[in-house]
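Quick heads-up: it's one chain on its own, the form predicted on its own, in C-alpha cells.
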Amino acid sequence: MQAVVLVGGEGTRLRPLTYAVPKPMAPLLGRPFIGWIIERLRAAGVVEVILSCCYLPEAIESYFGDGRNFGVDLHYVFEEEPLGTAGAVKNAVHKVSGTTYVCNGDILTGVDLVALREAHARTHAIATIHTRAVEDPSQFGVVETDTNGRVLRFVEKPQPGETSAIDINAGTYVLEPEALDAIPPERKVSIERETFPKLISETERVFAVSTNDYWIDVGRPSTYIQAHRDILDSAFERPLGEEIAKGIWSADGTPIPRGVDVIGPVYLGAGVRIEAGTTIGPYAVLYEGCRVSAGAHVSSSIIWPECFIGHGASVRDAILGLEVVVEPGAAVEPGSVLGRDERVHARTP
C-alpha cells in the first residue's frame, strides 16, 4: 500500500515560525508534525510514502532521508510552483501504482485508515473521502451524501441555509488509479473544487466515510497549540519519550532538576537546562537545548529549540520560534508568536 502526503504549502498561517522551518517539520512532542502522519500510515500497513514537496523541501529530506529509520520507504517529488491539492497528487503519479491513500499534510487525525480502505473496497469506489461532522461548517468544504454514503456534491464554505449537511472534507482520501487519471497534468488543480466534482458527475463512485475520530488542522498558531494540549492530555496519542512523573514527559528521561517547580502536563526536550527557582507549567513545552534561568516562569507556551529565557522572565500563552532570547526580567506578551532569533527586551522603568 502506498500513500501520497501533500507537504508543499508555505505555512503562511504559521508565520513567522515557518520562515525558518517548513510546517511539516514543526516540532510536536517528540517528532516533527509530519512524523505523526507517517507513523499512522506505517501502522496501517503502508510501506511506501511519497512526499509532495515545494517549500523548503531540503529540511524534510535531510531529516527523514529514505525513510528506513521510520519504517517506510520514502520518496520525494518536487513542485517548482504550487500545483494545488490535486495537481500535487498528479505530480507524483509516476511513483504511484494501484489504490493509494492521499493525506493533507497539515491534518492530525485518529481516523482508522484500515477501516477507511476496507469501506472503499466494499463500495467499489473510485474515491473515498474521510468526513466528520462539525458544529460550524461555514469555514470548510461540506460534503453532501445520500443514505448510502455516496457523495452528491461539495459545498465550499456554505452560507447559512445553503445546505443542511455538517460533514466536512477531513483531508484523507483513498483513490483508485482512475481518479488520478482524471486530474489534468502540469497545471494547478484543486481536488475539492475540480477533481471530486468531476468524478461525482461522471462516475457516481465517490463515497464518504464519516467518523468522530480525533481531527485537527494544525496550520494555525491556535490549533498548533491545541494539538500539543491534546497529546499532553492523551486525547490523540501520548508524547514520545519517558513519563518521569505524572504528566511530566522527558524526551530523553532526564529527571527534573532540584529546586524546579514543574506543574504538569509538561514536555521537556533533550538537553533542556532549567535552573533552580523556576516554575514550569502547566502546558509548557520546552524543546531541545532550551535554557531557562532562575526565577523565570513558563506556562501554556511552546518553546522551540535553543531558546534562552533569562532570570526572572515570564512567558505565558506564547510560541517562541528557534533561538529566541527573552532577556532577564522581560515578559512575553500573551498570544505572541515569535520568529527565529527574535529578542524580547525587558521594559525600562
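From 1 onward, residues are counted along the sequence shown. As the structure is a computational prediction, the values presented were derived from the model and not from experiment.
Although it is not shown, the form predicted in complex with a small molecule is what the next lines describe.
Residues of just one listed stretch (98-106, 267-275, 124-132, 238-246) have heavy atoms within 4.5 Å of the small molecule in the predicted complex: 98-106. Contact annotation: Glu79 falls within 4.5 Å of the small molecule in the predicted complex, judged by heavy atom distances. Leu83 belongs to the set of residues with a heavy atom inside 4.5 Å of the small molecule in the predicted complex. At least one heavy atom of Ser52 is located within 4.5 Å of the small molecule in the predicted complex. Using a 4.5 angstroms limit between non-hydrogen atoms, Arg340 is distant from the small molecule in the predicted complex. Among Ala227, Ile168, Leu199, Ala88, the residue placing a heavy atom within 4.5 Å of the small molecule in the predicted complex is Ala88.
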